[in-house]
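Listed next as structure tokens is one chain, alone, in the form predicted on its own.
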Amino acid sequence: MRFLSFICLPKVSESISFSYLPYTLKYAVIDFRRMLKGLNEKELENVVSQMVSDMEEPQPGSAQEKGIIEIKGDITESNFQAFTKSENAEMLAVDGGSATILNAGSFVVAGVRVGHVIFHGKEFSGASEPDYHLLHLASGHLEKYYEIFFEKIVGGNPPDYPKGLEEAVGRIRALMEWNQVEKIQSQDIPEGAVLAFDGAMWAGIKGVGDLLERIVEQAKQKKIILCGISKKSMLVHNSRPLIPAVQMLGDDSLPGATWHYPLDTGNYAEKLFGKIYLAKLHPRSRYVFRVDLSLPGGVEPEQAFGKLAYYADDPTYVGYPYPLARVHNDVAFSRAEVSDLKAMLRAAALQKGMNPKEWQLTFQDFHEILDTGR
């Protein structure tokens, strides 16, 4: 096997957005011999062969991961529905971000931040003050900490608990995002506006069904289009990823068009609180997204998708509604911010009497040294 290969890399140009970089290319040489040094060539061949085989003749898993939805029925051209971009729209978009600031092994300090933005037409109308928490999570009091968030946001005691520190951070972030969506609904929102969030209308956390039901019913009463858009899909068809198969057929059937494809998810009604679609929101987009919709009476899916498409033409994020990209960037933790938070926490801890050497020995991670020269 020869590892020295030619591949195409984007050529950066000031006159073209990053979304369209694949259309201007230059050649570069990558030496895969160095990248794969020490890897058995037969093992690599086996992995690639298995990947191809699984796509052609997928093997059903013995136990599906939480959140994976198996879509039944055939994928057919007749299910594709074209739609037209709206001339105007209003959108509120919610997202959350989290990052591990310090990791001592037995406990972590994590930052979790949730916020929303408001757009009237293409004009940015404002952003919320973020709901921001620094969490000290340790195995010894993990359940109690989770109970506090669950009781405040959902109500009552949780039926189960996170199985580790990382899962606890993820659950708390998800609860905070749903809480933000519910709080927004108490505001004066115009009828027909889109309330969008990053994720799915899926009760992936035990005990949140009542919360999601409240949110969906309130949106219908206020005649708001409730919409979840997932950047990563866990939908499968015959045990293989669904989106590539639908997207390839859609691109052939409706070239240069925006379309949606409704999915049959009747077997998951107890956990789903909206109708699931796949949608291409811009004719030139290379991405198709899972979109969960809950629509008020009198609103057709084509109207909702037209409003999403209205916001999906920003050249940096072609095919993805810009308000969701904006709020994602607002709440995400950058490396510089994480570094600043570490420095702030260190200064505060030393001021309270912590020994500097103890701090260093508690939080040092030699991976940081090893990765410096990479």
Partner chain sequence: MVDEKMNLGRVTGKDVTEIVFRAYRDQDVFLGEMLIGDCQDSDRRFILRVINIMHGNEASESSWAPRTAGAFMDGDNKDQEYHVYDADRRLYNHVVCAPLGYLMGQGNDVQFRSPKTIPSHFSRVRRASKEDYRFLERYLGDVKLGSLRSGEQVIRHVPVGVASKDLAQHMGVFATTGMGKSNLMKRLAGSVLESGTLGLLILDPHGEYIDGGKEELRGLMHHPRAASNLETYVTREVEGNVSSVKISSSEISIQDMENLWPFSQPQVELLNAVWGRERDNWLPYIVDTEGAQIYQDFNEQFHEGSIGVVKRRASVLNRSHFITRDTRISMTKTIIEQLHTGKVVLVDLAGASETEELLISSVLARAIFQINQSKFKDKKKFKEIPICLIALEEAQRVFNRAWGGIFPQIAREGRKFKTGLCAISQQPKLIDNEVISQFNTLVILGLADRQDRERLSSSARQDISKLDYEIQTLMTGEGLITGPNTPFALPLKVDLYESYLNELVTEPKENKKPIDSGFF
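Residue numbers count along the first chain shown, from 1. Worth saying up front: this structure is predicted, and the values here are computed from it rather than measured.
Another form, the form predicted in complex with the partner chain, is not on view; read the next lines as being about it.
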Check whether F305 has any heavy atom within 4.5 Å of a heavy atom of the partner chain in the model of the complex, and answer yes or no. no
Should R214 be classed as touching the partner chain in the model of the complex when contacts are defined as heavy atoms within 4.5 Å? no
Does P283 make contact with the partner chain in the model of the complex, using a 4.5 Å heavy atom cut-off? yes
With a cut-off of 4.5 Å between heavy atoms, is F124 one of the residues that contacts the partner chain in the model of the complex? yes
Every residue in F119, D314 and V318 with a non-hydrogen atom within 4.5 Å of the partner chain in the model of the complex? yes
Can you say which of 219-227, 283-291, 172-180, 103-111 gets within 4.5 Å of the partner chain in the model of the complex, counting heavy atoms only? 283-291
